[in-house]
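Just the one chain here, laid out as structure tokens, in the form predicted alone.
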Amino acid sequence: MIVFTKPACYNRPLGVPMRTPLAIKGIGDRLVISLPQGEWTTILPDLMHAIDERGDFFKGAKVALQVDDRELGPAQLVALRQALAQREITLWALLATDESTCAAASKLGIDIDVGSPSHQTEEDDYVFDSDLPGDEAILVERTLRSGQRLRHPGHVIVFGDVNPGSEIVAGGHILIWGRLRGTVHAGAAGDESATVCALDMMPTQLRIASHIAVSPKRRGRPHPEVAFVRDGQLIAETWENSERS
């Protein structure tokens, strides 16, 4: 068993609760965020607070907000778009049912109802027949090279290496069928039960939820490992012997 070392410069408190629960799903390379009920004057700052807590996950993303029947005027939408832009997030679309909100969004060039159920095809609604539960995942069949960044709200599976200078940010587990040398962040939305698995694990930096660590020096030959959080520490164990396997 290896206990990852924690950088001395990292002093952010762990386990800070998120004031606004965010339901996030992926549509291609974009994110759709469903907002909870409540007054807009409360929801907006809470939304920004929740995004700030997970800045790495959202940075550079294109997002759509599901606002349902909220009545939002041009000034409110401009403020929303500016607040997201300050965090390097692009407001891709609004999923709205209120006519005045839709009209205001259209005037500002914001897409409406992109990816909503009314735009789905029968193929989109196809359900696989299985007795086993499953979660959303993305499969990447190539090596991630320096400068490449992959973000997904579910699990990420890579058939290839993750080279130094590349980065993966996932809402769930990360499985690398190859060498892990870059930066990975599993459970980026706060899930401490997420894991990182690799055939050869020597990441530049590894994060699970709010826990962060760097790899210790190699001891012996490389072998498959799984990293997870136990008792507030990031540890890695041999894949075949791990309790999380």
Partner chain sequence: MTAKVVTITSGKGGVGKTTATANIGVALASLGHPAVCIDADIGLRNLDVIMGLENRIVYDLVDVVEGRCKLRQSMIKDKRVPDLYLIPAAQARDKTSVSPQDMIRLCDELRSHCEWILIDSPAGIERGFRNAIAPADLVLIITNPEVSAVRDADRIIGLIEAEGKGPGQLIINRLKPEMVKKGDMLGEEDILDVLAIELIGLVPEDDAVITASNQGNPVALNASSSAGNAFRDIARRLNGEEVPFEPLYDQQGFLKRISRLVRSGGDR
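Numbering follows the first chain given and starts at 1. Quick caveat, the model's predicted, so the values are computed rather than measured.
Unshown form predicted together with the partner chain; subsequent notes refer to it.
With the partner chain omitted here, the record of contacts in the model of the complex names 137-145 of 68-76, 137-145, 99-107, 81-89, defined by a heavy atom within 4.5 Å. Contact annotation: Lys62 falls outside 4.5 Å of the partner chain in the model of the complex, judged by heavy atom distances. When contacts are judged by a 4.5 Å heavy atom cut-off, Gly160 counts as touching the partner chain in the model of the complex. Shown alone here, Gly165 lies within 4.5 Å of the partner chain in the model of the complex, counting heavy atoms only. With contact defined as any non-hydrogen atom lying within 4.5 angstroms of the partner chain in the model of the complex, Arg179 is the only contacting residue in 167-184.
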